[in-house]
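Starting off, we have a lone chain in the form predicted alone, written out as structure tokens.
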Amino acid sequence: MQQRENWGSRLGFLLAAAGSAVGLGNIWRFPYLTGENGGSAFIVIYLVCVFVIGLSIMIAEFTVGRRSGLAAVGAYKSYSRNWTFVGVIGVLSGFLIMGFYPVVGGWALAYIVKSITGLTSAPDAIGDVFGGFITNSFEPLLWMIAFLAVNVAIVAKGIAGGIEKASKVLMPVLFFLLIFIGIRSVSLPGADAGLSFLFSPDWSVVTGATVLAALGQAFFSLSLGMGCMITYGSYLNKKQNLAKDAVIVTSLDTLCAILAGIAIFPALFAFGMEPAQGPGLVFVVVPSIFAAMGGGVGVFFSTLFFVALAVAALTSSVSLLEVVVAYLIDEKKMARKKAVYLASAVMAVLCVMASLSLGVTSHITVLGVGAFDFFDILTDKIFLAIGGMFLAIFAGWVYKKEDLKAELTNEGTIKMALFEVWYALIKYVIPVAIAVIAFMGVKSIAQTGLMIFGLAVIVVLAIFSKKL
């Protein structure tokens, strides 16, 4: 029997888990969702979702993963075959996210080069450059392949030798870059308006969709409901304090999101630009900000920003690839490299579909949306939240309370003072909270057909996944 891999050190695990959490969700999605949902009010709701719901679920995922010593599917199946489908939802979520995530990661790589070669020299053309780039049938695919190839190289080397080593370098670099860019942003004349936007709530803009967006962002950003933290937890030794580690990872992720906001919004307001710019905020508005700085300074900061974006994307995407790879290793008994190559090859096909759906195949839709939006909405709005809800139900109602406590206290050798509070949240509060928020949000989302499809997929998985 093949011996299961482990993390080489606690620091390595924390940086890798934080790297999984810190990604495009923090630097690409968090700023534009904040802009679209009124700024600080969204951030307050997001922080509540993160530290009440997200943190509790992360603790549960670490616990389920380490106690079973198996990745997403095996962790559920080993305790109750009736709950195998929740693990399958996680693996499927990671798989589908990797159907569009490397596309955006490739954009970040491309924009490093574009920044160096003159992106900011023609501010009026930046929007046209982005539109022309993402609708191109060839160039984005090259960058996507390059980004995916880096993922393959890291994950193929294993846990300690690949993911952990990469995280020890990439995570400190990411935080340094965001802090450096943030200092420049807040020093600009007129930056106060951006800080006010970030830290002065306007509750009049809050709707059910705002709360659902905050919950979805919390799950997407923390890599919850997609099997990442269960998988990473399965590689942990029995001495680590799971609850304390979850607090550290959650705090690092949130800090990164706030730093991204500080890096973008003060500069955005300083140059008189609108915050509600949608996904184009990072690739159109941010380069325009740097262009307004002028000359070599603009080129320098634009390059740094997209290096940070690419690094953030990479630290998360390796964990998403690892979820699928770990499933193939645990359940299908594949060798690691074979599992990596197979999973990434299929992901590359999905990425081609997602990329082309923004251009030449934009007329081809599924339930009213293209492939890129199909993968995004299906995971962000449906699978992640529902996967998290089922995890909470599984931990609170299926897992024995004494087993959870034994794992979280390392068989009674450490204390978890708030265990009863956490258990009550997981068992009673969080499943209901997620269900209510999801219901509120579904009413305000146009893609009703896609919602029904996603729920139907979950029902089918619940019926047939016990055979996997």
Ligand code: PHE
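Keep in mind it's a predicted model, so treat the numbers as computed, not measured. Residue numbers run from 1 along the displayed sequence.
Keep in mind the form predicted in complex with the ligand is missing from the figure; the text below concerns it.
Asks: Let me test this: is every residue among 23, 226 and 319 within 4.5 Å of the ligand in the predicted complex, going by heavy atom positions?
Replies: Yes, all three are in contact.
Asks: Find out whether any non-hydrogen atom of residue 221 is located within 4.5 angstroms of the ligand in the predicted complex, and reply yes or no.
Replies: Taking the distances in the predicted complex, the answer for residue 221 is yes, it comes within 4.5 Å of the ligand.
Asks: Check whether residue 97 has any heavy atom within 4.5 Å of a heavy atom of the ligand in the predicted complex, and answer yes or no.
Replies: Residue 97: yes, in contact with the ligand in the predicted complex.
Asks: Counting any heavy atom within 4.5 Å as contact, can you tell me which stretch out of 213-221, 193-201, 338-346, 359-367 lines the ligand in the predicted complex?
Replies: Only one stretch qualifies here: 213-221.
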